[in-house]
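Only one chain comes next, encoded as structure tokens, the form predicted alone.
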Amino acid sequence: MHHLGATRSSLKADHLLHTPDTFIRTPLPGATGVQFIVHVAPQLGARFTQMTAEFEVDGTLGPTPAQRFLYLLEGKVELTVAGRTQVIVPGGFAYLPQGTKHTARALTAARAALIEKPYEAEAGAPAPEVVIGVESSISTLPLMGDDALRVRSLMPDGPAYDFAVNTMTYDPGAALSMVEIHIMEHGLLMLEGGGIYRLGDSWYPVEAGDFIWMAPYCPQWFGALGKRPAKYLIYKNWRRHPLGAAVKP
């Protein structure tokens, strides 16, 4: 159906709202039986890539030259790392350090969120390790003491790791307590529910299936609306000095 050029998607200098009515799918090298929706990439100015991978049965995802985080949205995927195989179900996730040999094969039709980023090594820091887990097994923490806004940290937090991935769940009517402006950039995938997102000087209705990219220093705020909780998966770069390699001990 034609909508005469109307869409909720919006691209500004410091943010992108990418809604399903504008998604375009593409194959990528190193994968068979998988189509990718590339939500954000360096071509837009981001320092990471976030995609949704849509697997056919037996579709296979091969290695990437960057580090990779996989969060399963639907279906079942068999992940093989270092000769060991584990089945990932919805809410399951895996972090694979840069250079880790692995394959992910779909046992059913499946969808996964993929985050890929070139690793920024830190002098004296240990090497990152493979992490495989299930979101539901991780304890929630209130954000800034607000029990109506709960965070689960899916990545380890330490000098070895240069990004973080969390899920955040808002009870109906819950909202961030402040407009945030900071150096980190975000990739955000709405998983459940919806609400209103402020990005820069614009205000957007958002719902499950939408993707948002926020550049560094983009003013940002979210409030949940409706009768069910709102939940999203969110990436941020983390634990690295803004001057990067220019910093000498």
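Being a predicted model, the structure only gives us computed values, none of them experimental. In case it trips you up, residue 1 is the first one in the sequence shown, and so on.
FYI, the form predicted in complex with a small molecule isn't displayed, but the following is about it.
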Find the only residue in Lys236, Arg240, Lys231, His15 having a heavy atom within 4.5 Å of the small molecule in the model of the complex. Lys236
Of the options Gln220, Thr49, Gln35, Gln67, which one has a non-hydrogen atom that comes within 4.5 Å of the small molecule in the model of the complex? Gln220
Quick one: does Tyr197 come within 4.5 Å of the small molecule in the model of the complex, counting heavy atoms only? yes
Can you tell me if Glu180 lies within 4.5 angstroms of the small molecule in the model of the complex, counting non-hydrogen atoms only? yes
Can any non-hydrogen atom of Tyr161 be found within 4.5 angstroms of the small molecule in the model of the complex? no
Would Tyr95 count as touching the small molecule in the model of the complex under a 4.5 Å heavy atom rule? no
Within 4.5 angstroms, counting heavy atoms, which one of the listed stretches 167-175, 112-120, 71-79, 152-160 is next to the small molecule in the model of the complex? 167-175
